[in-house]
Structure formats: structure tokens, C-alpha cells
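Have a look below at one chain only, the form predicted on its own, in C-alpha cells format.
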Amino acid sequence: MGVQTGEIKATVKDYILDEFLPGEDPEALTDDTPLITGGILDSIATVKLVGFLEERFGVQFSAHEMSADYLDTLDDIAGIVSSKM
């Protein structure tokens, strides 16, 4: 099988906490916390996140997928990554 969505979410959550929210309470970042529309990720952070996802999970994103429509929450991210694997 592939990587489970729970594993994807945990990996992405750890990355976001380390890279963009150092010192924040991990409990405050939930599966449905708005990352882009909530202002946690700006455009540069979103590009960095996509680079991490592509390298870590061996997937490719199209330009139109680098948006809040696809990457706004941990649930969204896990869904699109697992659909590409």
C-alpha cells in the first residue's frame, strides 16, 4: 500500500510547525486549520511546502494546485498528496 493519510498529515504538520510556526502549540494546528486563507502560509511558504511535498512523497503538483483550493488545510493536503501517490 502507500502512505496513509494520517501519516501524510503528521509529516506535513511537523514540517509546518518546524518551518512556519516555531514555538507554536502543536495542538493549535488541527486537520482543518486554514493555512493559506488563515494567513499561516503566504505564497512563498506555499511554494516551499509544495517543494517539500514533492520531494518527500514523490508527487508532482501543477501550478493551479498550488492554491488554497488544494492546500488550505492538513485534510486538503493529505487528500491531494494521497490522490497523486
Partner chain sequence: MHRLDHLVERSAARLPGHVAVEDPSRATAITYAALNAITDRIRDHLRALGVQPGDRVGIYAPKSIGTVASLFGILKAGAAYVPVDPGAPPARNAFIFKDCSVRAVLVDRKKVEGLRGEYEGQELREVAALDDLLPYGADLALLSVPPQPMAGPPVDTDNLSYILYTSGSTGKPKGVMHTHASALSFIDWCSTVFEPTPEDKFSSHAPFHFDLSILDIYVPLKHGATLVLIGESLGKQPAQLAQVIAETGITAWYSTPSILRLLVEFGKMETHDYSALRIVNFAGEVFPVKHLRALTKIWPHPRYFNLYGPTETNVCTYYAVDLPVPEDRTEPYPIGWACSGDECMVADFDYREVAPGAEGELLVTGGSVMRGYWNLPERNAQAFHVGEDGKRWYKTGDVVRDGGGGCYVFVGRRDRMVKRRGYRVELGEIESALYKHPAVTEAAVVALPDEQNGVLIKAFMNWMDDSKPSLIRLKQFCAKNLPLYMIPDRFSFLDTLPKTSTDKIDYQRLKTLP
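Numbering follows the first chain given and starts at 1. If you're wondering where the values come from, they're calculated on a predicted model, not measured in any experiment.
If you look for the form predicted together with its partner chain, you will not find it shown, but the lines that follow are about it.
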Can you work out whether G38 and its partner chain are in contact in the model of the complex, taking contact to mean some heavy atom pair no more than 4.5 Å apart? yes
For D42, is any heavy atom within 4.5 Å of its partner chain in the model of the complex, or not? yes
Contact with its partner chain in the model of the complex for M66, defined as at least one heavy atom pair within 4.5 Å: yes or no? no
Just to confirm, D75 within 4.5 Å of its partner chain in the model of the complex by heavy atoms? no
For the three residues L21, E24 and L29, which mark the spot I'm curious about, does each lie within 4.5 Å of its partner chain in the model of the complex through at least one heavy atom? yes
Near its partner chain in the model of the complex, with a heavy atom at 4.5 Å or closer, the residues from 50-85 are none
